[in-house]
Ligand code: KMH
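The chain below stands alone, shown as structure tokens; this is the form predicted alone.
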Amino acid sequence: MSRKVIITCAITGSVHTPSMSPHLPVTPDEIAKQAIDAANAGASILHLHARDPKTGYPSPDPDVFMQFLPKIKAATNAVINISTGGGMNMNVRDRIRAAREAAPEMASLNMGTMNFGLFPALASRSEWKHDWEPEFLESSRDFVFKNTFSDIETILAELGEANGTRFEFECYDVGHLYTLAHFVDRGLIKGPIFIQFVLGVLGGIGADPDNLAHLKRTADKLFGDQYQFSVLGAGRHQMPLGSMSAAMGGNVRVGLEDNLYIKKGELAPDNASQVRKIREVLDGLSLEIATPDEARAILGLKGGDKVAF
């Protein structure tokens, strides 16, 4: 039977730094253009962070978000998904500022506190465009991404209950699925549930097919048929694990937030190139791509006319 696969594209993130790729979008205009191009290539959900336009440093400033959100909305029908993960050195209040103001259809929600190691990227180069970049990466050696039960309750209340925003629940390890189940049991989260299995981040579960299968089995046990899943494979694992997700009945996530390359040794020229590449895989599996409105129906979203931008 035919089914529709949702493609999420994560446009810029807060993990990679500008020196790692000249194609990483930094300014609002660059983020808007690459997001629009990704949507035109077939992404039905656009996962968005913001950066300081001058330095490329991750920014929580709603004013920066508002320089690209309306442009994307005017040019596409894509679902806008605003990060609540933000970046290092942001507290939970900083991380939810943009989503509180914009009231998007979706927001990401990491389901736990964890080590988040970016420092291995220091070995990839010796020259940097900005002084902050090596310091930022090195600081992750002693960094803990904090998302306690209280933080999660805050995000669910101030974004979900207050604005009708639904969530992409990012699960970096098996324990995060049990945390998600805890909130479901309390009635604070209702289906349809959209889980993003995240594999390959240093501090989380490894990017291994057996691990993905285990995550899927655990989610089946905890949530039955009340959830949809997608897969984020970090770095070179992006396409293999995305392909595996599609074959397992799931959805896919690509984008320069997660992987800067289009193939071994070749930087992706933009986000749209990764969307087109995963579409080739999906076409080969005889799977249809969900339109933005089909994604809204699958995930129970409120609609693009009910956002604040």
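Note that residue numbering follows the sequence shown and begins at 1. All figures in this text were calculated on a predicted structure; none of them were measured in a lab.
Beyond what is shown, the protein has a form predicted together with (5S)-5-amino-3-OXO-hexanoic acid; the following relates to that form.
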- Message: Can you work out which of 239, 201, 78, 215 has a heavy atom no more than 4.5 Å from (5S)-5-amino-3-OXO-hexanoic acid in the predicted complex?
- Response: 201
- Task: May I ask you to choose, among 232, 106, 98, 152, the residue with a heavy atom within 4.5 Å of (5S)-5-amino-3-OXO-hexanoic acid in the predicted complex?
- Result: 232
- Which single stretch, out of 279-287, 42-50, 241-249, 66-74, brings residue heavy atoms within 4.5 Å of (5S)-5-amino-3-OXO-hexanoic acid in the predicted complex? 42-50
- Any of the heavy atoms of residue 172 lying within 4.5 Å of (5S)-5-amino-3-OXO-hexanoic acid in the predicted complex? yes
- Though only this chain appears here, would residue 85 touch (5S)-5-amino-3-OXO-hexanoic acid in the predicted complex if you measure heavy atom gaps against 4.5 Å? yes
- Query: Can any non-hydrogen atom of residue 143 be found within 4.5 angstroms of (5S)-5-amino-3-OXO-hexanoic acid in the predicted complex?
  - Reply: no
- Message: Against (5S)-5-amino-3-OXO-hexanoic acid in the predicted complex, would residue 270 count as a contact residue? Criterion: heavy atoms within 4.5 Å.
- Response: no
- Residues of stretch 233-259 in contact with (5S)-5-amino-3-OXO-hexanoic acid in the predicted complex (4.5 Å, non-hydrogen atom): 253, 257, 258
